[in-house]
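Only one chain is given next, in structure tokens, and it is the form predicted alone.
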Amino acid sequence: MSQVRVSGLASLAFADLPASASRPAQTTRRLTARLSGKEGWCLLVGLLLLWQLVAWVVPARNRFLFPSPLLTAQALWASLFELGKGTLSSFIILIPGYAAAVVAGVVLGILAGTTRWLERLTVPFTRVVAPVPPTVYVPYAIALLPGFRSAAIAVVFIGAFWPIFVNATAGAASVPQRLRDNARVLGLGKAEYLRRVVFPSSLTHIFSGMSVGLAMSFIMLTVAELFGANAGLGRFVQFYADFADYPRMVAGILFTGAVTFVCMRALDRVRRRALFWQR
């Protein structure tokens, strides 16, 4: 009788083991489900904690070179008005240069991707000029053009044009043959064929080029403002770096990154709406 009781208790204990052993796994799965889609925010929190830890470890004599997150946040709050004015000044340069690059890159890219002789003419030139870092044009553009604003718009245009042009050319050249045959059967003219067939088919490539071009535009804008601007986000960072005000300098860098992120997200939202069939 006692043996039966012992064996019954043992069987109950062993029956409970899988449930207790699976609790950590269940907790892990629940935590993973809750954090799903929030990995970016988790990384941001982790980087902030690492930043604060490094700020504590840095020796006191060098701590002014590496401000803590709290000190940087205070400097950012105190500089919001100045950063807002700098953003407006930067956008006055960014928007015309980037918009001109989009229009020129898309139009010329579609023409080059659908016209054999134009493709043979532009591809060798593109392979030589496009890989050149656009930053090398900044000093010459500032010296050549009449004012800083026109020079900055020109270098922003150069930085954004080549990615858009190359991707638009690739998109136009990769239009499916069945769409070309259908357009030929329907008797579409050249302009209507480009507008109704080639342009929609190339949108995926065009938006890829626009994303790269927008990132390059911000890089070129900041570099140009470091050279000779009186206002702007790049000028803000350079000004406070010259005066060794590193909390404001770091705040300016973070604010510039936030502005770039917002613009990239806005472009991504436009892309999703334009390419709604790819969802």
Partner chain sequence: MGSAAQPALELDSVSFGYGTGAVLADLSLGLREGEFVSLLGPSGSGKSTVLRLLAGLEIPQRGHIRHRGKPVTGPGIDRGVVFQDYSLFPWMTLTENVVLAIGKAHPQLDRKQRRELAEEYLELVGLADAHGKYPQELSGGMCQRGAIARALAMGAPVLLMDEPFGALDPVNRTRLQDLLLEVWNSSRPARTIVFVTHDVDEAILLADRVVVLGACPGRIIADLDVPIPRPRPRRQTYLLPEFQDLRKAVTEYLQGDMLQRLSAADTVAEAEGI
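Numbering follows the first chain given and starts at 1. None of the values given here were measured: they were computed from a predicted structure.
The following text describes the form predicted in complex with its partner chain, which does not appear among the structures shown.
Check S174 for me: does it contact its partner chain in the predicted bound form (non-hydrogen atoms, 4.5 angstroms)? Although its partner chain is absent here, S174 would stay clear of it in the predicted bound form, with no heavy atoms inside 4.5 Å.
Contact flag, R178 vs its partner chain in the predicted bound form, heavy atom cut 4.5 Å: Looking in the predicted bound form, residue contacts with its partner chain include R178, since a heavy atom lies within 4.5 Å.
Residue-level question: is P124 within 4.5 Å of its partner chain in the predicted bound form, judged on heavy atoms? P124: no, not in contact with its partner chain in the predicted bound form.
Spell out, yes or no, whether the shortest heavy atom distance between A143 and its partner chain in the predicted bound form is within 4.5 Å. Answer no; every heavy atom of A143 is more than 4.5 Å from its partner chain in the predicted bound form.
Looking at 197-205, 159-167, 126-134, 99-107, which lies within 4.5 angstroms of its partner chain in the predicted bound form, counting heavy atoms? Looking at the partner contacts, the answer comes out as 197-205.
Work out which of N182, Q74, S150, T115 lies within 4.5 Å of its partner chain in the predicted bound form, going by heavy atoms. Selected residue: N182.
Who in 185-200 is close to its partner chain in the predicted bound form, meaning a heavy atom within 4.5 Å? Contacting residues: V185, L186, G187, L188, G189, E192, R196, V197, P200.
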